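Encoded as structure tokens, the following chain is the form predicted on its own, with no partner shown.
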């Protein structure tokens, strides 16, 4: 260890103690000493991003695979670029430890006007902005207080599954401070309120007892459990049918006898809408019922028939119970819930075959989705960008262990490219597939260069259909059509003199099949397959969903 132990060393060691192997960074003059300290202490590997927005999305993707993530950027020009990605982490319930370099403490309150600021001497506005998209906001102003502040931010992020904010002035990163002790209680869950938990379980059992046709509906925030086992245990105990929301695709094993598909209103899997909407009881596990999930506010279980088990609160029969985490509730309910197997006994799930095309005809969206689905195994993670990639992923049948990652709550196009990189770094033992449209790709394209730099073998399926098709289906206009690129040709530029990325074009099913075989063999970098598909060729479900969302967006103002 270094002779002098510093604030930067403390942060670095803590990141390693909570299980991180990597952290992501973009350099700037307010964080350079901090980056040096992180490198010197060395508990985590320092990886770099092309810009701060991409850095945030990469960290968000890493947190999906690894449970948490960390990123370091500079003040204002870096942090304010990254705030969009931190908003995503907050909306998607992912603990990203966001660290910003800050101005020298001697400039605080001095009246000095610094570069990288908006031109006044009040430097607190950055932290105030981040306060709205983080669970804890710590501005460190002394080396003595740094350990407690760092620990509080990290502890709160891990317990609430939300991002936190730590600002370290440039002259404190190398200031001397104590070393951290064992991680201990930093990772421990808060002790559940047993009285409230027992009451919630009793109310839930009463709810189940009085229902005949019961269904479990799995929401996307069950990701915070870190495992599907508690949900499977509950399904096995009750014996009822299980559906998942669109954003929770893969969050329940599709090979399980109780699985009945995706519930997403009128764009549900066959039979799933009728099953959920005719049930007399729906156990909703960590759902997000936003306008996208409810198809423009059209589909949501009525409160009288729903038990809502959220991350820190259970609502049933008009009463709310808190003081415990979802995991504790599921574990307790799985030991006491009554059996209600009717919805499994009286229904079945049959995966819908995705249509195929002859090898030599122009490539279709269906044929692309079919071939991607055939590539998926139990150790595959699919990152699906906002748009028709959602609906292509939704209709795929997944083997046990396969994973789909989406960003349906935040829904910021461009998210998927750096997120897939972060996810692949966080889970290098898995096969990683990225499905992204051309419009979304143009926002964060640079991060493919980092896939090449770090030799990350993501297989990228880029849909070149000449525009923002999801927006075309919601509300069309000239603004939805973009300048075409030679997307596969970018790989040659990104490779430069030493990269091993592979860029391929697929205009027919046969060309796509050949490209996939080449992708399987390319383990030293990404394989980028540009799939040429007609603009009007998309899933029927995108069209149906788009019309409903458009109708919700265009509601006239209410009259007083």
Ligand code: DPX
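Just so you know, these numbers come straight off a predicted model, no measurement behind them. Numbering follows the first chain given and starts at 1.
FYI, the form predicted in complex with this ligand isn't displayed, but the following is about it.
Put simply, residue 467 is close to this ligand in the model of the complex: some heavy atom of it is within 4.5 Å. This ligand in the model of the complex comes within 4.5 Å of no heavy atom belonging to residue 246. Although the partner is absent from this view, residue 224 stays clear of this ligand in the model of the complex, with no non-hydrogen atom inside 4.5 angstroms. Interface membership of residue 413, defined by any non-hydrogen atom within 4.5 Å of this ligand in the model of the complex, is confirmed. The partner is not drawn, yet in the model of the complex one stretch among 105 to 113, 174 to 182, 367 to 375, 433 to 441 has residues with heavy atoms inside 4.5 Å of this ligand: 433 to 441. With the partner removed from view, the residue among 261, 287, 101, 387 that has a non-hydrogen atom within 4.5 Å of this ligand in the model of the complex turns out to be 387. Of the residues given (254, 151, 138, 471), 471 alone sits with a heavy atom within 4.5 Å of this ligand in the model of the complex.
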